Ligand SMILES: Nc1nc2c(ncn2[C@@H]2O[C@H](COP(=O)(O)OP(=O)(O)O)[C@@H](O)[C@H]2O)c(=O)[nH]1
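First, one chain by itself: the form predicted on its own, in structure tokens.
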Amino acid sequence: MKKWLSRFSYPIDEIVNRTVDRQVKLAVTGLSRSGKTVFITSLVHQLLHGLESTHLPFFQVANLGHLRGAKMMQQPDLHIPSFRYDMAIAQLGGEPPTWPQPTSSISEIRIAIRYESRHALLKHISPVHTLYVDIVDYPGEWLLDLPLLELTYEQWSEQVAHSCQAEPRLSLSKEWREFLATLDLNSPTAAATLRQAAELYTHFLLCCKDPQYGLSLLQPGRFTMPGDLKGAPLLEFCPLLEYPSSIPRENSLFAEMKRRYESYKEHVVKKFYLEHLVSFDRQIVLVDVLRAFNTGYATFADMREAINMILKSFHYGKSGFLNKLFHGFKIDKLFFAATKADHVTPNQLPALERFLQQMLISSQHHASFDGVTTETLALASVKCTQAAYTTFQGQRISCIKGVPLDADKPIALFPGEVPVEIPMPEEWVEGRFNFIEFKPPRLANIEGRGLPHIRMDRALEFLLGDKF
């Protein structure tokens, strides 16, 4: 991926601020339904209410009394839509409360944090300093396209064809594959044929994405989350399961599919990468491990492959003063978070963290080799359950209590144990896990204090603590 990197003209104030640690740019990365919108909303809310340090005991600048306050500022990139924190908070604080709408396009928000520096030299220069934190959100589906930059059309088609040899993709792709079998790839291009092939392939991807299967590695990502490209001819192509028996003509169906794939890479994927993904300082990778537990081994394996592939596309390395000045910006801290930690009992949090470490161990090793500091943590951006206990056959059992997404009254349940090691494929039996979704909590004073959470303070300390 590094061959796609190029130098850009950043505003001089941004270069100065980021070089001397007065500005941090955070990338919030995660697949669909991993909790990106809720995480950003909670992170912003915790910072805005940081003066009430009782809810952020591990965020040292707040806990030690050095925080002067935080507020939202005008974002630096005016051509990027704003992250609608106000709408997300309104939904969480509604009656009844609802989860914010998921990410559907790229967005950005800037927070200014004013603090008293702990460093003796900086205290002499000025007793109070400001750190600007820029947070960028984007659909997880779009990140899935980054590996395409390294693949030819033929290589990508072969990957898709291979994945369709196993269930559930084998059954879900049946209608699309049968349509492809009727095509003459050397025939002249027909717009209606291209459109129908793309529609059937998109339907196949959407079936894979359905919660029943929960598959993640669905390319191109814009097919399931098109954004402003909805209806564009640029999205009317698909992979092919075989090649023409003779050299394809220039105006053939095969040649046009290949042209559109290359055009999609150049004008959508590469443009998105170069404009938005090459200048981050810190990265958060959110993973909904519990969804994989409920759905099965195929979902888990697909999720693991998708995340590890995506992480290869980012620019990691040490980013001290001289590195930033002469080599540009690199991600120097990588935070892996297992989301929805409130959906398991408190004693299961170490197991959840251990499982995520095992799941993404290759990416962690590569990041460590590049000099990147990593951390793995189980967290809940907004805590919506409470710890509870019940008695079964004379034994006290840990449970959780909350209002299920499809109910109106709270229930107490034991969701199951999180395995410390990754189970063998045959051990992912149906009914082994019962990690259900919950409604957000009712909050009487959402504007008066920080959102209830699990370990968001530790996330803030890891991502920003060294900047104060």
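Sequential numbering from 1, following the sequence displayed. The model shown is predicted, which means the values in this text are computed figures rather than measured ones.
Separately, the form predicted in complex with this ligand exists; it is not shown, and the next lines address it.
Student: Just to confirm, with a 4.5 Å cut-off on non-hydrogen atoms, which of Asp342, Glu256, Asp281, Glu353 contacts this ligand in the predicted complex?
Tutor: Looking at the other structure, the residue within range turns out to be Asp342.
Student: Among Gly35, Pro415, Gly50, Gly402, which has any heavy atom within 4.5 Å of this ligand in the predicted complex?
Tutor: Selected residue: Gly35.
Student: Under a 4.5 Å heavy atom criterion, is Thr103 part of the interface with this ligand in the predicted complex?
Tutor: Yes - in the predicted complex, heavy atoms of Thr103 and this ligand come within 4.5 Å of each other.
Student: Does Leu31 reach this ligand in the predicted complex if we count a contact as any heavy atom within 4.5 Å?
Tutor: It does: once this ligand is placed as it appears in the predicted complex, Leu31 has a heavy atom within 4.5 Å of it.
Student: Within a 4.5 Å heavy atom cut-off, is Trp99 in contact with this ligand in the predicted complex?
Tutor: Yes, Trp99 is a contact residue.
Student: Is there any non-hydrogen atom of Ala380 lying within 4.5 Å of this ligand in the predicted complex?
Tutor: Yes, Ala380 is a contact residue.
Student: If we take heavy atoms and a 4.5 Å cut-off, which stretch out of 406-414, 56-64, 35-43, 422-430 is in contact with this ligand in the predicted complex?
Tutor: Looking at the partner contacts, the answer comes out as 35-43.
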